[in-house]
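So this first bit is one chain, no partners, the form predicted on its own, shown in structure tokens.
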């Protein structure tokens, strides 16, 4: 475990607090209201999504690759949702059989996975036919002038925010991985600079 990883895990909630209060928490709530059946959340981090899972889910599994994040995640699970399964696993290599889940959740994760196309193929693999991928992700801007800055700043951002990429065409990659559009919209990351502001929010179907 690097010092950077440890430090990022311990400041993450404070780093996100302004955005959460200004609307990000409401986006999480609206999105996760659609989770149902057996649910897998990838990159569960410190557990910011935990309060928003409703009664339509029959089981919840949280996968997180960071050892530092796992420690905080376990504490929140014990407090907010005992009995939830937590395991250390990257999105690119999920230890589950094909067609294991009805819903997969990814919120602010696909920007930082090592191999986004592989991760999306894994999510498609573990979802049952007709299952849903619930996404809330910041993505490459639709504005060319912002894309220029995203490309310039991407290396710095990766260093500061532990691998976070500014310029990934996440929706295009998901469609290439075999998903089809459900109810999908765009939005803005609250309390964020322009180069990280554009979001996609909604549902893709396996």
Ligand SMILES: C[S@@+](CC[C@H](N)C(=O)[O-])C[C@H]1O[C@@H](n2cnc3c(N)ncnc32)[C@H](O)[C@@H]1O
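A quick note: this is a predicted structure, and the numbers were derived from the prediction, not measured. Numbering follows the first chain given and starts at 1.
One more form of this protein exists, namely the form predicted in complex with this ligand; it is left out here, but the text below deals with it.
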Is residue 114 one of the residues lying within 4.5 Å of this ligand in the predicted complex, judged by heavy atom distances?
yes
Indicate whether residue 84 is a 4.5 Å heavy atom neighbour of this ligand in the predicted complex.
no
Mark residue 107 yes when one of its heavy atoms lies within 4.5 Å of a heavy atom of this ligand in the predicted complex, and no otherwise.
yes
Does the 4.5 Å heavy atom contact test between residue 71 and this ligand in the predicted complex come out positive?
no
In the predicted complex, do 12, 28 and 64 all put a heavy atom within 4.5 Å of this ligand?
yes
Can you pick the stretch from 170-178, 53-61, 152-160, 35-43 whose heavy atoms fall within 4.5 Å of this ligand in the predicted complex?
35-43
If we check this ligand in the predicted complex, which of the residues in 173-206 reach within 4.5 angstroms of it by a non-hydrogen atom?
none
